[in-house]
Structure formats: structure tokens, C-alpha cells
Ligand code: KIV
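First, one chain by itself in C-alpha cells, the form predicted alone.
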């Protein structure tokens, strides 16, 4: 018998057990090559609806379809072996009814093989989360700054700075925990409030623009690698890949114009006659 060297993929239980142990590491991924690069270093990968802007040049996340999210999640599943993979439910795919949410979320899990879905919303989505979890669909919730609701929230601004927002967000957090979500993303949340929610909840909190004291962190990988200019305060740029790409393409352009590329080492000669 040959030994089975297949890498075991992380489960939701693996992720939830990390609370009060060590921080959960996560990043977004939209393609197989990026998933392969990130896989050894993260606990889970989120196929975020942020791909609408990052890959497709849209102005917000609202325009991306479920079909598109499913195809990118398939690619991330093919490119990864270890990381848990979560699909971000896009705008319009879950808000109409619990039944709509189940139909679309079950399709997403069935067609991609991913482990869970993420959806935005607090108390308003608690019944939907409960409906999904009771039907064996694991859910990661998302409160605070919700990009799909940016128009009604008055833009991309920090949440939980005043007492009214603080109270609402704590209610949201408790509601989604009671509904059965295994984790919650806290995006753009005032730091003291993110700490308070993390301490109060039994489920995993994942911060983005929140607090280092959250149970884990996530960033859009293209932001932290410096693919694009960014003025978001919460993004730490670990590389400047955009500058590297620009320099490389300029060199290529210059070489082509000067007929330096392709050189002899890049072309094929005729075989000599025997």
C-alpha cells in the first residue's frame, strides 16, 4: 500500500478551535495561481465579492453575480489544498427570502466544493442565517462597514464611533451568534468596539480595519501586496508589486522597440541538414 500524502484541508472546527489559542490568518483569493501561493500560509481563503473592483474594474461590489463568484471559487478550490475556502454571497443573492438564500448558498457549496458562505448583515439577516445553518450550510457573517450597503450607509466610513452605532452593532453581533454563524467579519469598526465584541462573543471574529485583538485578520491580498494605489488606513503594504510590474513592462516595451527582445536565446534555429 502506498502512503496517502494528500494534504488535509482545514475544517470549520479547525478554525473555531483557534479562538483563545492563536490568531486566525486569512486573505482573499480569486484565482488558482494566487490560491496556490497563499495556501501554505493561511487558515482560510475568502473568495470575496471585492473581486468586482479588483479584477473587473467595477466601482463597487454590487455588480458581481453569483455565477461569477462560483467560477472564481472553483478556481480557488483547484489552486488550494490546505486552506478552508469561503464564498462571499454577492448582492441580491440572499436578501429576498430565506428560501432564496438557501437555494443560492446550497448551489454555491454544491458546485464549488467550498466549506461555507459569507453574507453581510446583522439582526436583519439573523433568521436567514438560522435557516441556512439548520439546513447544513455553514455561515460566516459580516457586520460593521458593509460594502454591499455602502449607498445606504453614507459611504465607506468607520462604524461604531458613537453610542447609537455601538449599541446596534453589539445587538447585531449577539443576533448572528445566536442564529448559528460560526464566525463574523468586523469591517471598519472602531477599535474599542471591535475588542469588546471579540471579548463578548464565543464565535471567531475576523478583523479588517478593526483591531489586532480580533480573533483573526483578513485583507484583500492585492491591497497588501501593493498591486494598486491605496489610501485605506487599515492596509499595511507588505510589498509594492504594482511598481515591480510597471518596471518590468516598461523594460519589455523598451526591449521590443529596440529589437533587443527576442534575442538569439529566445528564438529557434533551423536544424542543420544531415
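Quantities reported herein were computed from a predicted structural model and do not represent experimental measurements. Positions refer to the first chain, counted from 1.
Omitted from view is the form predicted together with this ligand, to which the following refers.
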{"item": "The single option of 42, 225, 34, 218 touching this ligand in the predicted complex, heavy atom within 4.5 Å", "value": "218"}
{"item": "Contact assignment for this ligand in the predicted complex, among 74, 118, 166, 130, heavy atom within 4.5 Å", "value": "118"}
{"item": "Residue contact check: residue 87 to this ligand in the predicted complex, 4.5 Å heavy atom", "value": "no"}
{"item": "Partner proximity in the predicted complex: residue 187 to this ligand, non-hydrogen atom cutoff 4.5 Å", "value": "yes"}
{"item": "4.5 Å heavy atom contact, residue 50 and this ligand in the predicted complex", "value": "yes"}
{"item": "Distance check, residue 28 to this ligand in the predicted complex, heavy atom within 4.5 Å", "value": "yes"}
{"item": "Interface stretch in the predicted complex with this ligand - options 192 to 200, 179 to 187, 131 to 139, 101 to 109, non-hydrogen atom within 4.5 Å", "value": "179 to 187"}
